[in-house]
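As structure tokens, one chain now follows by itself in the form predicted alone.
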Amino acid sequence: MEPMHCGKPRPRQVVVPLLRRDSIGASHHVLTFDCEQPLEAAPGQFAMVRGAQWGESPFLPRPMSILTAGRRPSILVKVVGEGTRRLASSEPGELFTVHAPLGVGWAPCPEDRVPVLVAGGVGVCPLVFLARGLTEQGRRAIALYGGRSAGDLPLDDELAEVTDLRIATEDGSLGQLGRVTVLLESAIEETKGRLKVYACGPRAMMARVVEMCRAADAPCEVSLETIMGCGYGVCLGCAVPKVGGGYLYACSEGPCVDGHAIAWES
């Protein structure tokens, strides 16, 4: 078995066994892999993951945000289709083909800005990784986490350990009643607009977050969630329209990009 790369971070495709699968409710699972050498990855980067014994269906690997790096790298899975169902039903010892680290991660937060993380559902994954990195730098972010209900907030405990966490649910089952953007309104007022927002979640949520940041003259990065075939810019299946025309490719120019550069209305 070829180990993951241990020097300068660069993508490599390797075969690694699943160490464990931790279920969070019925729909969310954290998969942790066992690597002979550490996976070096930056917060916001992703991996293309596929079961080594899946056969022809599903044929393509699945793009998954990296939750943790090192010798025990992990990903967060939500069951939404055949590929994620097979990931979520995997057992320790099962072999996976993993191509990582891929893409562009989060940019640093300026010292004069308060880092504010806005997560929707499983969009929390790359933001937990970012929050842990900020903590290691001696900075504690404000985290705003939203979902339809309390059951749609996996990793809320992990996020609470490394951020000032505020929660909103649309049914009021946990935290403030409403969408996560209600919390962002308060954060903008609290920081007097001196914030930098990092967002990941449903497209409509991120579009609204960018709109609010534009009104507050605040920088905003988003992590794009798109369909990908290859993960490194060959298939061109992850094109996202840009402001002013043209496209960027989420796998090679992202997934973490300037939210103000995206033509959300398209």
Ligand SMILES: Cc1cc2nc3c(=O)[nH]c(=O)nc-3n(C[C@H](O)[C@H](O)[C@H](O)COP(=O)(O)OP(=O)(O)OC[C@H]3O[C@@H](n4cnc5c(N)ncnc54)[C@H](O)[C@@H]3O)c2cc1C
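Throughout, we count residues from 1 along the sequence that is shown. For clarity, every value in this text was computed on a predicted model and none was experimentally measured.
Not on display, but discussed next: the form predicted together with the named molecule.
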{"item": "4.5 Å heavy atom contact, L127 and the named molecule in the predicted bound form", "value": "no"}
{"item": "G83, heavy atom within 4.5 angstroms of the named molecule in the predicted bound form", "value": "yes"}
{"item": "4.5 angstroms heavy atom contact with the named molecule in the predicted bound form for Y198", "value": "no"}
{"item": "Contact label in the predicted bound form: K78 to the named molecule, heavy atom within 4.5 Å", "value": "yes"}
{"item": "Selected contact from A204, A215, A52, I227, since only one has a non-hydrogen atom within 4.5 angstroms of the named molecule in the predicted bound form", "value": "I227"}
{"item": "Single option in L39, M64, L31, V209 placed near the named molecule in the predicted bound form, where near means a heavy atom within 4.5 Å", "value": "M64"}
{"item": "Triple contact flag P43, W106 and A141 to the named molecule in the predicted bound form, non-hydrogen atom at 4.5 angstroms", "value": "no"}
{"item": "Segment that reaches the named molecule in the predicted bound form - one of 93 to 101, 174 to 182, 190 to 198, 117 to 125, heavy atoms within 4.5 Å", "value": "117 to 125"}
